[in-house]
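Okay, so here's just one chain, in structure tokens, the form predicted on its own.
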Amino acid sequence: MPVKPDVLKRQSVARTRLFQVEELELRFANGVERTYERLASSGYGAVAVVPVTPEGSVILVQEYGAGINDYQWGVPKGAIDPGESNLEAANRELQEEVGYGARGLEYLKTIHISPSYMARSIDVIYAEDLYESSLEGDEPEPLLKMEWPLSKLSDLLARGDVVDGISIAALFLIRDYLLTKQAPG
């Protein structure tokens, strides 16, 4: 098992309203020293919620992505607010973005978005037993919603407007989780 490098120095080199860039000076077990930059973690974490209907469809939302300057379909997601658990944040985001709450919420996995240069992660939450419930969100415009059968995941991923890596990973996790859950003992 590899030995983690020693952190010789850590300093903030840039900060914006949303991001903090850290510089890390590291010494690896073989004596090699390198300087890395990373986006530091901030806030209280985030959630990606995969709401599944009784018919086996997932509910997706269409949001504008400033990074790609285009709209894309994906699962509802957002930041965990101070004092919230990841499940509470998932239920709130679901109500804000989709107009449903969930009686059943289950944490599946924490995904590290880009571990090579980001300290950020997101918790994937499975939502079931949905009921109508809306909360005011922070989106700049109303989000479009779409239901898609999980059994046709390949067709969904073939679309040019489904490009969010977090959503794609979350959809595979949910599909496999539900297949395992339905498999006989």
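Nothing here was measured: the structure is a model prediction, and the numbers come from that model. Numbers for residues come from their place in the sequence shown, where the first is 1.
Only in words, not in the display: the form predicted together with a further copy of the same chain, which the text now covers.
Novice: Look up in the predicted bound form whether Q11 has a non-hydrogen atom within 4.5 angstroms of a further copy of the same chain, and give yes or no.
Specialist: Heavy-atom contact with a further copy of the same chain at 4.5 Å: absent for Q11.
Novice: Consider I59 of the chain shown here, and say whether it contacts a further copy of the same chain in the predicted bound form, taking contact as heavy atoms within 4.5 Å.
Specialist: So I59 does not count as contacting a further copy of the same chain.
Novice: Although a further copy of the same chain is absent from this view, report whether Q72 comes within 4.5 Å of it in the predicted bound form, heavy atoms only.
Specialist: Q72: contacts a further copy of the same chain in the predicted bound form.
Novice: Please check if D138 has a heavy atom lying within 4.5 Å of any heavy atom of a further copy of the same chain in the predicted bound form.
Specialist: Answer yes; at least one heavy atom of D138 falls within 4.5 Å of a further copy of the same chain in the predicted bound form.
Novice: Hey, which residues along 119-133 are within 4.5 angstroms of a further copy of the same chain in the predicted bound form, non-hydrogen atoms only?
Specialist: Stretch hits: a single one, A119.
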